[in-house]
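In the form predicted alone, a lone chain appears below as structure tokens.
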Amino acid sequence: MFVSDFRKEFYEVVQSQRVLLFVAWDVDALCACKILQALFQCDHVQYTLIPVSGWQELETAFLEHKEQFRYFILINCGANVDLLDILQPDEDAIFFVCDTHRPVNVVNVYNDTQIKLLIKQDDDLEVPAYDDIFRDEQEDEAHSGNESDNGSEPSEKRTRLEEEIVEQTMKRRQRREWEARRRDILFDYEQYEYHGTSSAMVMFDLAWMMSKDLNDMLWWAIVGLTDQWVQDKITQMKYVTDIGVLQRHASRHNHRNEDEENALSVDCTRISFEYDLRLALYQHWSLHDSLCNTCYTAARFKLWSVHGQKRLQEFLADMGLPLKQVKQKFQSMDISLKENLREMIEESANKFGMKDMRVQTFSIHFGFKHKFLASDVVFATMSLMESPEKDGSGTDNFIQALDSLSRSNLDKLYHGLELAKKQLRATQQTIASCLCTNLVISQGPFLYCSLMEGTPDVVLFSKPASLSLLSRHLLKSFVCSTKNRRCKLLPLVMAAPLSMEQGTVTMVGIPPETDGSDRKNFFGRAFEKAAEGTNSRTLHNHFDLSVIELKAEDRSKFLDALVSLLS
């Protein structure tokens, strides 16, 4: 059931309880978790935090802890499946679900007792009506045998029996029609997977309603939204609308920075709205490296080709920037060049056909020295979370990423930025090798690309978020490089080796890269159907349904089934 008053029906309920917090492995969930932790700290709420990367971990953790808790909070997991069916909880367990995954499962929507959905009603949810999906099983089957028929004529009995048979037949037909209609309605509703309002924004809204919102919480909400935009989970329109909402909060919180009389100390946190460059990590890198490793510019210039490298040199010459300046750290560039850099880059980018070189975003300043754009923090946190470094366990990575969001742990954030640079470099090198060796092949209804075991940096792409980001960037670059018009409109399925010992691959499906794309993904259902039809050994463990694990031997029959399904 949807919660209408978050404060009364959620926060005040858990305030006096011990709660268990399940948090999914993504940046938006981390940010929502940070906001909730800050609120719990204000009110001395006792909680236990458990990171979960998939359904198996969620089930195991729930079984382990269900005796000790009555209230469970799930962040970015649990809305798009029948939660009670998966977890089989006791009757008195109550789940608060704050999740961006859509569509929301209908059983969760219409369960009034145990499932409470912390989901904004203004998202286009289009949930089917209750009567179209659920129906009372106990049909009135009045059998004539129960009635005493003393003294009535045999002919009357026969007539009554015939009427009842006709009535029963009509009921059965109606039931069959209703079930067919229900199947169609559910198919239309559950066919596409997409994302709603960022969970961090939903949690910030709660803090704001209770007048407990701080600048730090606002920054986490901004990072949560930026994560959705960086990973192409929401449309540009949705991003701009939500940025507008956060901009109003930012001016409310940071207006004292412009007021000379009541000015804050320079050491304070300042959040400002920026119309900044769409270049990854450019303020912590050299401008040249950033241009080469940002998907938007690398794809438009076609940097994997000699001609593309030449165009990049022409672009830099057009701006009038000396190579020596462009290739050194951004911090060390001449101040005179940095002052008008955004305008210079935007002007030249327009000549080279890159109309969206600048984007609405926010930056945060800690004193004079530390300045970060929201997208920098997203890349750093994501790299910390999915870091393949051997010394730490998965949970260690999660805690590192969670800590890097606090301003007291800037050293961890800087470490994350270094990991992010490595990841972005590896992404562009992998894209270049895939395109130069023609690894992206058309299978008919979709494009397919598979990374081989032994490919350089392949270990960086075994985790879902990194592989999804690589797939999206590869599809964008492929669309820019191909001359085949039909291929430009196709979605992409990508596979990367997961475990050598078990012989498994991670497979991810990406929707087509078109201008008006609504970011809806149909691969979740298609993967399920293809696996069922071929008895392929798959594991649908990830909270995003369009990411699966598959036995390498079953790959060819699985792909054949997928081709015939989508043709």
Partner chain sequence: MKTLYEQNQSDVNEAKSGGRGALISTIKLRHCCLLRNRRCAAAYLYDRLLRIRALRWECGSVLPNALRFHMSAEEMEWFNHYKKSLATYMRSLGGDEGLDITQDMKPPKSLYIEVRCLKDYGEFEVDDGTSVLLKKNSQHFLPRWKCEQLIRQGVLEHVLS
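Residue numbers count along the first chain shown, from 1. Because the structure is predicted, anything quoted here is derived from the model rather than measured.
Below, we refer to the form predicted in complex with its partner chain, which is not included among the displayed structures.
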Taking 4.5 Å between heavy atoms as the contact cutoff, choose which of 498, 531, 45, 539 touches its partner chain in the predicted bound form. 45
Looking at 419, 399, 87, 234, which is the one with a non-hydrogen atom within 4.5 Å of its partner chain in the predicted bound form? 399
Interface stretch in the predicted bound form with its partner chain - options 400-408, 102-110, 479-487, 192-200, non-hydrogen atom within 4.5 Å: 400-408
Hey, in the predicted bound form, is residue 41 touching its partner chain, heavy atoms inside 4.5 Å? yes
Does its partner chain come within 4.5 Å of any heavy atom of residue 64 in the predicted bound form? yes
Any non-hydrogen atom of residue 50 within 4.5 angstroms of its partner chain in the predicted bound form: yes
Check whether residue 68 has any heavy atom within 4.5 Å of a heavy atom of its partner chain in the predicted bound form, and answer yes or no. yes
Judged by heavy atoms and a 4.5 Å cut-off, are 18, 37 and 395 together in contact with its partner chain in the predicted bound form? yes
